[in-house]
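Only one chain is included here, represented as structure tokens and corresponding to the form predicted on its own.
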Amino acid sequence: MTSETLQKAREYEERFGVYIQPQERPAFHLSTRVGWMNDPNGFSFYRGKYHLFYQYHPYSTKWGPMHWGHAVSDDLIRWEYLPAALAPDQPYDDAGCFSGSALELPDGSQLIMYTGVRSLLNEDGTRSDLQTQCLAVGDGLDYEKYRFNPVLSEDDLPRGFSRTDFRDPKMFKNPDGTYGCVVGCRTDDDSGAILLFESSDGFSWHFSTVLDRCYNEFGKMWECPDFFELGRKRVIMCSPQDMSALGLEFHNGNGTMFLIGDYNETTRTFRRETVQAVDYGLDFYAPQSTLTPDGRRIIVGWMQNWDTCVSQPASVKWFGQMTLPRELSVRDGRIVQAPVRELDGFHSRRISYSDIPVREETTLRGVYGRTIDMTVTVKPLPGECYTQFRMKVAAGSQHYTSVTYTPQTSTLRVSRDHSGSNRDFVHVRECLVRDRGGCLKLRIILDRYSAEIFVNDGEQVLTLTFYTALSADGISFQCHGKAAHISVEKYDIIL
């Protein structure tokens, strides 16, 4: 039965969502139906469609009591809104239905696990959140909360783990038909850990082990965990809060990382080998993965950062969007990412140039746009190397967003400090890329208000949002010092 709180949210989004015209929002990145969006939730394939839920406050473009928005897709590119799936309408979640996951049960129903939040008044007059894990079961459209909620609470935690930072359950099926679930939690040393819980039926859960923990090495609380197999490796993906930078790694404070290692199924032991940032840009957080029917592991992230939310223009009727789904693979011990191959099916109006010499700022006929998929390859001339390569996108008479590569230091820099923002927040990010003797390959996906930049076939990705007027659609190239040859292949994306 649909509660009054959920029905109110559904009526609101149905009434006011129609006032946001298609050209006012991203063309092929999922944005909120109306109001506010943050973390992706319940990313899954169910009954022939991809389902993507999201943290949702329909009533304003600011964060508020969390609901679950809902959209479905046949191809991961074109999304259809469904009515809101969850609302904070029970005593155990009256302060919000926080992040979680979804999977299909043997009877064909869809099981959701989410974090229910209840605000408590402490003896000293302060308030704190009690976070528990709760279930809902549905048919892909309507969901009924489990009558025995919550199914995981402070009573299920090992000693020394926090009941107020215990959230974001990510369920998965084991090969033997049982279920696992990883949950983020804060520990008694004030840092994060990933807890593993297990269940035979998806409804009765018990603590199994601590898969990994932070010990204050990589930030504090580890949010939005995921746990999956990739190639011959096991990967924990999570989003640490309050993480200090290490060189040119982890500059966002609220960051994202892959913990790559081995896992012993018998002893439930994860052995971490390497740590890698998921995204090096300005706007990326809380990614979640799913497995496609053809066996690809794909992730999608919130295309925002908690510290850059002031970037929204005052006039917008929506705020928040998801990244393009990305395929993961392992190459030379590193996780690489690529836009989902389904995007290629929406390529139109191909423009191609090969080995164009560039020194002064150069534009190429037909190379422009704000909904495009463009690959740019840069090569130094024989025997000499340029000192800097710079590309401007979303460029007009006053505004542009830039990508700059310096081969002497192998650093790539993205900047939106000329993208029209009049707010004092971070506009620049740099990352270290593999030295290839001045050769560089960039695949740039532009979708009206964002750029996703895949470096050297996905060895790094940098994501950023900007709200430049859509009339600023120019693209230019420039080299400093010596000239270089560039090749460009550009497609418009048309849905």
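Keep in mind it's a predicted model, so treat the numbers as computed, not measured. In case it trips you up, residue 1 is the first one in the sequence shown, and so on.
Only in words, not in the display: the form predicted together with a small molecule, which the text now covers.
A.B. asks: Consider the chain as shown here, without its partner, and state which of S31, T468, S44, Q55 has a heavy atom within 4.5 Å of the small molecule in the predicted complex.
C.D. replies: That would be Q55.
A.B. asks: Please identify the residue among K145, K392, R326, R167 with any heavy atom within 4.5 Å of the small molecule in the predicted complex.
C.D. replies: Contact residue from the list: R167.
A.B. asks: Consider D226 of the chain shown here, and say whether it contacts the small molecule in the predicted complex, taking contact as heavy atoms within 4.5 Å.
C.D. replies: No, D226 stays farther than 4.5 Å from the small molecule in the predicted complex.
A.B. asks: Is there a heavy atom of E452 no more than 4.5 Å from a heavy atom of the small molecule in the predicted complex?
C.D. replies: Residue-level check for E452: no, no contact with the small molecule.
A.B. asks: Would you please decide whether M66 lies within 4.5 angstroms of the small molecule in the predicted complex, comparing each non-hydrogen atom pair?
C.D. replies: The answer is yes: M66 has a heavy atom within 4.5 Å of the small molecule.
A.B. asks: Would F98 count as a contact of the small molecule in the predicted complex, using a 4.5 angstroms cut-off between non-hydrogen atoms?
C.D. replies: Looking in the predicted complex, residue contacts with the small molecule include F98, since a heavy atom lies within 4.5 Å.
A.B. asks: Among 428-436, 441-449, 459-467, 34-42, mark the stretch whose residues have heavy atoms within 4.5 Å of the small molecule in the predicted complex.
C.D. replies: Every other range fails; the passing one is 34-42.
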